[in-house]
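Below sits a lone chain in structure tokens, taken as the form predicted alone.
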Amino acid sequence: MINKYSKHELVAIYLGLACLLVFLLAPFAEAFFVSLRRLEDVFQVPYSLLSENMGVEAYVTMWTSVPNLLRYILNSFFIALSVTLLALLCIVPAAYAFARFEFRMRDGFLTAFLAINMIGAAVLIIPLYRLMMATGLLNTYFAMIIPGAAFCVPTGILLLRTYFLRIPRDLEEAAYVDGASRVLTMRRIILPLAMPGIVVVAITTFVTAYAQQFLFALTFNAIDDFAPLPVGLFKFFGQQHVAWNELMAASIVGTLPVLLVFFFLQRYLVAGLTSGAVKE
């Protein structure tokens, strides 16, 4: 294998990637060290990353400060997983249709999907509230799952369409010549080859749905049993003070399900990239 980069270029690349990694992980490291502090030491002056009397007390007391914290985490996981499955049911066939079929206004629809990504959820929150009220979905999981999936579908279609375009049409045409139907070709040939893209879209959708539940939950749900993690984190904000160390501890614990899902799917992502590689 021919090395295309000089030593200086490799050093610059690795140094740049290391700086970017430190920049991205700095907020998480700060949150972790705050979670280990006592509340009276969170805003100590002068500021230092480490402090005396650091411990895991916040990780113990947060469960009693917000008793339903575990329920909120499970709700967030369930809502994000439901959003991902519902979104994929719409994204996969739509992305395949945009990649393979010629029809009028195809580019116009793609432009419309791109434009929808520019619209924030806050702009549509009142019409969505009226829609949820008219359909009787207020104060249910569906009130958070359906809008969450709807906002993830345009981005997923645009991402997955590029993966379908990379799959040679000759493979499908050869299957049709052998007598395979479009459904069988889709299931046996297209979907396995597009699996890396589907996994990427699934991870992106899950992380987005897990992190952006606060607005929909606060607007469409008034039942505490259905509330997701962001609503639970908001309860650490008291009238007189904010338990910052417990809030950071709960945030870190609440992030663990996302990390577990990412690392679990990453194995399939790497396997899919290897087995699904094709040449034009």
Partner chain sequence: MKSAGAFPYLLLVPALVLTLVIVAYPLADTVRLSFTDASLRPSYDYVGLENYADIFGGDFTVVMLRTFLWVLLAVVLKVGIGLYAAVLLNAAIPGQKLARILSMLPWIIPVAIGAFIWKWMYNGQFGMISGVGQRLGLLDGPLEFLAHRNSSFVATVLTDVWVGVPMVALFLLAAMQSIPKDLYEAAWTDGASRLYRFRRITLPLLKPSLATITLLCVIWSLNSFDIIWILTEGGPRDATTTMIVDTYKTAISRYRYGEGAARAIAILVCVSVVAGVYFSLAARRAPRESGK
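For the two forms, the rigid core is made up of the largest set of C-alpha atoms that agree within 1.5 Å on superposition. Residue numbers count along the first chain shown, from 1. Keep in mind that what you see is a predicted model, and the values were worked out from it rather than measured.
One more form of this protein should be noted, the form predicted together with the partner chain, which is absent from this view; the next part is about it.
Colleague: May I ask you to choose, among 164, 141, 98, 77, the residue with a heavy atom within 4.5 Å of the partner chain in the predicted bound form?
Modeller: It is 98.
Colleague: Just to confirm, with a 4.5 Å cut-off on non-hydrogen atoms, which of 199, 150, 81, 193 contacts the partner chain in the predicted bound form?
Modeller: The residue from 199, 150, 81, 193 that makes the contact is 150.
Colleague: Is residue 66 close enough to the partner chain in the predicted bound form to count, meaning some heavy atom within 4.5 Å?
Modeller: Residue 66: no, not in contact with the partner chain in the predicted bound form.
Colleague: Even though the partner isn't displayed, in the predicted bound form is residue 59 close enough to the partner chain, meaning a heavy atom within 4.5 Å?
Modeller: It does not: once the partner chain is placed as it appears in the predicted bound form, residue 59 has no heavy atom within 4.5 Å of it.
Colleague: Can you check whether residue 188 is within 4.5 Å of the partner chain in the predicted bound form, heavy atom basis?
Modeller: No, residue 188 stays farther than 4.5 Å from the partner chain in the predicted bound form.
Colleague: With the partner left out of view, is residue 265 within 4.5 angstroms of the partner chain in the predicted bound form by any non-hydrogen atom?
Modeller: Flag for residue 265 set to no.
Colleague: Using a 4.5 Å cut-off on heavy atoms, what residues in 123-153 are near the partner chain in the predicted bound form?
Modeller: In sequence order, 123, 124, 125, 126, 127, 128, 129, 130, 131, 132, 146, 147, 149, 150, 151, 153 come within 4.5 Å of the partner.
Colleague: Residue 26: CA shift of at least 2 Å between the shown form and the other one after core fit?
Modeller: Superposed on the core, residue 26 moves its C-alpha 2 Å or more between the shown form and the other one.
Colleague: Honestly, after the rigid core fit, is residue 39 moving at least 2 Å at Cα between the shown form and the other one?
Modeller: Yes, the C-alpha position differs by at least 2 Å between the shown form and the other one.
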